[in-house]
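So this first bit is one chain, no partners, the form predicted on its own, shown in structure tokens.
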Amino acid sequence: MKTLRLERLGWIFMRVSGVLLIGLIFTHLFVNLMQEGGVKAIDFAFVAGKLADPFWQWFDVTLLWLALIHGTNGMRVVVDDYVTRPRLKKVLQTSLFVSAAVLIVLGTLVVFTLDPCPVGAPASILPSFCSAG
């Protein structure tokens, strides 16, 4: 009975996170590609400038977490459906969850600890709000 409840919650999560991901992804693409210069304008200064703003930090972390959890849950279902040997299934699912957890932790750390004005970086690659020196 508990397994059925977890599967139902997983099913609901996939639908809700899928809808949220569509909105987040299109917002991400619009903000990054509809600027003047398009994709060619995306450089360290652009990314660092965006990630210096708490709104964009939380936006990117939400996108990262939802995408990784959504994808991991999808792969869990695929493994559950197609792998018949219990031991192999356990190894694959454990590997999947560990790799997702590592990526979530590392991605979150990058977003929240990125220094937009690294010492010694050439001024030409830094955002406009960084002081020279």
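Quantities reported herein were computed from a predicted structural model and do not represent experimental measurements. Position 1 is the first residue in the sequence shown; the rest follow in order.
Not on display, but discussed next: the form predicted together with a small molecule.
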Note to self: Check H70 for me: does it contact the small molecule in the predicted bound form (non-hydrogen atoms, 4.5 angstroms)?
What the structure shows: no
Note to self: So in the predicted bound form, is the small molecule close enough to V102 to count as touching (4.5 Å, heavy atoms)?
What the structure shows: no
Notebook entry, point to check: With the partner left out of view, is M34 within 4.5 angstroms of the small molecule in the predicted bound form by any non-hydrogen atom?
Noted result: no
Item checked: Distance check, V98 to the small molecule in the predicted bound form, heavy atom within 4.5 Å -> no
Notebook entry, point to check: Can all three of V39, K50 and V111 be found with a heavy atom no more than 4.5 Å from the small molecule in the predicted bound form?
Noted result: yes
